[in-house]
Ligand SMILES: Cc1cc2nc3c(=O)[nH]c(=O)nc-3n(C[C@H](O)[C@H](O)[C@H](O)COP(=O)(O)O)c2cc1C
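Only one chain is given next, in structure tokens, and it is the form predicted on its own.
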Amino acid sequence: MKSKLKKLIPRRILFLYYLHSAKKAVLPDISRRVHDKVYNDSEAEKVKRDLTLAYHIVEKGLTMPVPRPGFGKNVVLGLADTIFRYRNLNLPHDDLEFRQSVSVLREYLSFHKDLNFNLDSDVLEKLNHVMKGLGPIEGQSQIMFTREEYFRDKHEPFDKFCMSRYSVRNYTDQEVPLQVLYDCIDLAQKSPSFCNRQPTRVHIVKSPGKKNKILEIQNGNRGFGHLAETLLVISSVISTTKDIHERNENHLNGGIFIMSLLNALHFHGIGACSLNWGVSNDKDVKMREILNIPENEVILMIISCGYIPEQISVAASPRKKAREITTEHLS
């Protein structure tokens, strides 16, 4: 009966009806996000956010295949200023975000000292001012691996396997066979899927021309993206959802699938890095044109991947402990 009624109603009317329903459904979420940006005065949360965003850029720079001396000057100066903001709020010095920020700047100074490279005087002055009086605050340094060491635990029990995977931003030009990629995708297909509807799709990109075009519009691959032998563009079919109340399922199911795929790549001895797709609509349209992605697929993420060289450096990217992110509801 429902399908018969839909056929009788002009598509324009149906479109307006679903548009109205969609607005009602998503408006509370939009309002919540806008309210957070305008009315949430939690400076502690915001300064920790800004510390993490900045220190991660610097630690990525330290692990590039060929780190550029003096890289990231504006980010480094901004990170120093954010550390001052944090200290002025009298927040704990043992919080992960603060410890890692200080540690990364110390490592930045040490990296350039080892190169005998003279940083600009304003950078050096500010970093020395940051370090003054902080004492032995330590985070995690970036990690050097041989290829054998990096994949040492790929066949070990799950706890060791899980802790051994890092984002890799250095690849050789050795070809990753299509069959190996399909084997990885088959493993990821075992991921939970809402009502087994399996909405996730994978676009394997090996064409040099298409890879270059994609990397030009993705923000976050500078210094290593060009080395990726393969890009995997992950999307999800909107048509698998029944109505607007399932609007989050494409991203939710895609996220589960992507983590399984990253683990599968690691299991098969392939290095990989997740590249975000938080882009403006014009870039999303360009991606659709490059890969001929239909309108009923939402683009979720890009994964750069490839076989890795004999020696790599990876960002430490320390994680909070389970008890720091968990709330117990026991009665």
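Quick note: we count residues from 1 along the sequence shown, nothing fancier. From a predicted model like this one, the values you see are computed outputs, not experimental measurements.
The form predicted in complex with the named molecule exists for this protein as well; it is not shown, and the discussion that follows is about that form.
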- Query: Does at least one non-hydrogen atom of residue 263 fall within 4.5 angstroms of the named molecule in the predicted bound form?
  - Reply: no
- Task: Answer for residue 305 alone: is it within 4.5 Å of the named molecule in the predicted bound form, judged on heavy atom distances?
- Result: no
- Query: Any of the heavy atoms of residue 270 lying within 4.5 Å of the named molecule in the predicted bound form?
  - Reply: no
- Task: Please check if residue 275 has a heavy atom lying within 4.5 Å of any heavy atom of the named molecule in the predicted bound form.
- Result: yes
- Query: Which one, 166, 145, 111, 194, lies within 4.5 Å of the named molecule in the predicted bound form by heavy atoms?
  - Reply: 166
- Choose one stretch from 53 to 61, 66 to 74, 288 to 296, 33 to 41: the one whose residues place a heavy atom within 4.5 angstroms of the named molecule in the predicted bound form. 53 to 61
- Output the sequence-ordered list of residues from 209 to 237 with at least one heavy atom within 4.5 Å of the named molecule in the predicted bound form. 218, 220, 224
